[in-house]
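What follows is a single chain, given as structure tokens, in the form predicted alone.
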Amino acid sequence: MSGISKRTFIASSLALAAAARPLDGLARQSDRKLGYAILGLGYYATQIIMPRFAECEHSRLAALVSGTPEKLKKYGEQYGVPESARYSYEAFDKIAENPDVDIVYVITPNSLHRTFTERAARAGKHVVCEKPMATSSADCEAMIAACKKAGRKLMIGYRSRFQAHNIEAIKLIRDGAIGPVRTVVTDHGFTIGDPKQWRLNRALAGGGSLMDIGIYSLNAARYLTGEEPVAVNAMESTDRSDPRFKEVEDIINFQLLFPSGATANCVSAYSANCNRYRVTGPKGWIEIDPATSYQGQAMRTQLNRQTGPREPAPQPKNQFSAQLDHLSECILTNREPIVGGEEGLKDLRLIEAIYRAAREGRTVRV
């Protein structure tokens, strides 16, 4: 099995199968949907995630947590969340007394991920944490340890792993449709606006475009190859006279080398609009553009010397409801999420290596 070890291939195949297979008897016997508390009521939480509970089979919205009383009132009334299940950040620990809450979904600025994950675990709740998992690998390790100590599951919000086009790309690669992966090219960026937003505050975000949108390029390179990088190079380009980039980086181009000899060329940017990847092998290529957006993915392939658009195999749920239900299913069947805490930790260790490579102008072995 050229390029990818047999062990890696089997592990990846089993993980994909676990994500797709139906619930076992334990879940079928449970009529109760598991209750989520949404912690942080910004745009992504209120406009993207919360409406998707209506499509879930095993998950429901049970509680809200916010530092803004007006948001708690507005969305509590909109979604029928009782006042007793609306928590301020200060009163969050009382969620331990709410048996309707099984899972806390942490959707806050990055620097707050660790503290709320640890508090949720201490409260006896399972956790979904948005990506990046934290602002340092040390924080990621502490989050994993806290959930293990509490006997709770931890999942990271890598929603693209539940999106039909990305699922199809992974399956095609694992089935050998393009042969051994040789190159990945993946670009992710958008034009960021207000200089005062938290994403441009290093203390809150932990970094710039790489921590925010570039992580999609990084994670895609890993799940497309099915390998972990052994070396990284990087180069940064940031206009420090731009008020948006006083504290964080704009563009980082980085390269990854994998054990098989495959390479990935990746872009992360806050001043360019891009969202795509192409993965190539000796037998063809797979391209998705846009690749990891909220909607509108489009796939093209060159397989068996035929080039053209390709529709992925239908999936029973969209990426958001599938992600929400995945953790519920894992809890009900005592399985581990396909994007658990270790996945987030691996990305943070690589992000730290990429920053170091750009800062020191040299290849960093990982």
Ligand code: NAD
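Given the structure is predicted, the values throughout are model-derived calculations rather than measurements. Residue indices: 1-based, along the sequence shown.
Keep in mind the form predicted in complex with ligand NAD is missing from the figure; the text below concerns it.
Student: Among the candidate stretches 90-98, 258-266, 179-187, 111-119, which one is within 4.5 Å of ligand NAD in the model of the complex when only heavy atoms are counted?
Tutor: Of the options given, it is 111-119.
Student: Just to be sure I understand the contacts: of D212, E249, D102, D139, which is the one whose heavy atoms reach within 4.5 angstroms of ligand NAD in the model of the complex?
Tutor: Contact with ligand NAD in the model of the complex is made by D212 alone.
Student: Note which of R278, R152, R174, R199 lies within 4.5 Å of ligand NAD in the model of the complex, where distance is taken over heavy atoms; exactly one does.
Tutor: The residue from R278, R152, R174, R199 that makes the contact is R199.
Student: Is L41 near ligand NAD? Define near as a heavy atom within 4.5 Å, in the model of the complex.
Tutor: Looking in the model of the complex, residue contacts with ligand NAD include L41, since a heavy atom lies within 4.5 Å.
Student: Tell me, yes or no, whether G207 is in contact with ligand NAD in the model of the complex, where a contact means a heavy atom of each within 4.5 Å.
Tutor: G207: no, not in contact with ligand NAD in the model of the complex.
Student: Could you confirm whether E130 comes within 4.5 Å of ligand NAD in the model of the complex, counting heavy atoms only?
Tutor: Because a heavy atom of E130 falls inside 4.5 Å of ligand NAD in the model of the complex, the answer is yes.
Student: Is there a heavy atom of K71 no more than 4.5 Å from a heavy atom of ligand NAD in the model of the complex?
Tutor: Close contact exists here: in the model of the complex, K71 approaches ligand NAD to within 4.5 Å, heavy atoms only.
Student: Of 146-180, which residues get within 4.5 Å of ligand NAD in the model of the complex if you count heavy atoms?
Tutor: G157, R159 sit within 4.5 Å of the partner.
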